[in-house]
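Only one chain is shown below, in structure tokens, and it's the form predicted on its own.
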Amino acid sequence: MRWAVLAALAIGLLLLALYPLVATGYGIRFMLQLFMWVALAQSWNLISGLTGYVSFGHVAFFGTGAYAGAILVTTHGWHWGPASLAGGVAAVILALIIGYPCLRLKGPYFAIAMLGLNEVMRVLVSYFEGLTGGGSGLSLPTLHASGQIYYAMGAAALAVTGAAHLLITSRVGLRFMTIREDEIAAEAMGINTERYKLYAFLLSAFVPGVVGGFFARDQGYIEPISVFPLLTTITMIVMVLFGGKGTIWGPVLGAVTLFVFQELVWARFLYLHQIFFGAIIVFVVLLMPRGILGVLQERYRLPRTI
């Protein structure tokens, strides 16, 4: 069974690698955005799904990476690849600065603090007009590289999913999940909860920073409203909850299902797609609090770490 799964994954990856050779421009951009949502959902899962610290401002790292990468490209002439990695480093530095005070908060207080972080970053980007372009935004040189960014975004989604697998099946991941279940008990067992929470927070911040850099290069133009929207964080949360938080494949399943559904509904019901998306949120919260994989795990006794 294990070899069959590995063979199926290898075939799937090969098909995705060959897809740009036969796909239309729309098809490439569709898959590129799908990879982006998989990476963002997995990054949110690393902190909120594994440690239980729900972040309502995770898009702050996405926007920070987007602006850091865009500034390096436009001002210093960097290639978009290293610039995007530097965007991930910038997001990690931001997470390190605010991680120590914010991770001392618990429950809704941490969520509200992260929501405030997102608003602070949006205002700061708007204020420093000489560096970021302010409310007018920042334009990047024209680049026809959707195929390259497709592979880069796919690699990011694959890397963060692989990281989730390594974490969830390791002792470090077990410590994360122990903190999620009962932080006081985890401390009594000798787990340095502050250190491990910070580890999860930094790792979950790096991925959105890198993806934000890819996004900025792909779009060619960014502004505060486009890279710091609260809706992006909400979408991450819903995707993880729909698929199953604290699992390896739950965020992937949730991102694929909801993104495809949203795209189909948006194309056919232009003014109603947000209503349908809101209805899904209510449905998941009321009827499937553990997500699709949670339901399957209970019914078919699947491993908790799948």
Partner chain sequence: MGVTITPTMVGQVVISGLLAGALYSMVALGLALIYGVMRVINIAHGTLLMLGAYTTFWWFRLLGINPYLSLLVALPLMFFVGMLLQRTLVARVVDAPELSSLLLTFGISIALVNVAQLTFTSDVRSVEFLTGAFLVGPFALSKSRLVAFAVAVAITAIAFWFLQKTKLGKAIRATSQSSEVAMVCGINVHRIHLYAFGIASALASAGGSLVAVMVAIQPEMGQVYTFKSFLVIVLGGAGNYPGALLGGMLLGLVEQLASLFLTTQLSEAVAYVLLVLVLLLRPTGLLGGRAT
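Keep in mind that this is a model prediction, so the values were computed, not measured. Under this definition, the rigid core comprises the largest set of C-alpha atoms superposing within 1.5 Å between the forms. Residue numbers count along the first chain shown, from 1.
Omitted here: the form predicted together with the partner chain. The next part is about that form.
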Checklist entry - Could you tell me if residue 90 has a non-hydrogen atom within 4.5 Å of the partner chain in the predicted bound form? => result no
Item to check | Touches the partner chain in the predicted bound form: residue 245 (any heavy atom, 4.5 Å) | outcome: yes
Next on the checklist: With a cut-off of 4.5 Å between heavy atoms, is residue 278 one of the residues that contacts the partner chain in the predicted bound form?
Outcome noted: yes
Next on the checklist: Taking the partner chain as it sits in the predicted bound form, is residue 155 near enough to touch it, meaning that at least one heavy atom pair lies within 4.5 angstroms?
Outcome noted: no
Checklist outcome for this item: Answer among 75 to 83, 124 to 132, 208 to 216, 147 to 155 for heavy atoms within 4.5 Å of the partner chain in the predicted bound form: the stretch 124 to 132
Checklist entry - Within 4.5 Å of the partner chain in the predicted bound form: all of 22, 67 and 220, by heavy atom? => result no
Checklist entry - Quick one: of 39, 46, 59, 241, which gets a non-hydrogen atom within 4.5 angstroms of the partner chain in the predicted bound form? => result 241
Item to check | Residue (of 163, 140, 98, 202) lying close to the partner chain in the predicted bound form, criterion heavy atoms within 4.5 Å | outcome: 98
Item to check | Interface residues of 277 to 297 toward the partner chain, as seen in the predicted bound form [heavy atoms, 4.5 Å] | outcome: 278, 281, 282, 285, 286
Checklist entry - With the core lined up, does the C-alpha of residue 27 move 2 Å or more between the shown form and the other one? => result no
Next on the checklist: Given a core-based superposition, decide whether the C-alpha of residue 260 shifts by 2 Å or more between the shown form and the other one.
Outcome noted: no
Checklist entry - residue 282: with the rigid core matched between the shown form and the other one, does its Cα shift 2 Å or more? => result yes
Checklist entry - Out of closer and farther, which fits the Cα atoms of residue 234 and residue 107 in the predicted bound form compared with this form, where the change is 3 Å or more? => result farther
Next on the checklist: residue 274 and residue 52: their C-alpha distance differs by 3 angstroms or more in the predicted bound form. Do they come closer or move farther apart compared with the shown form?
Outcome noted: closer
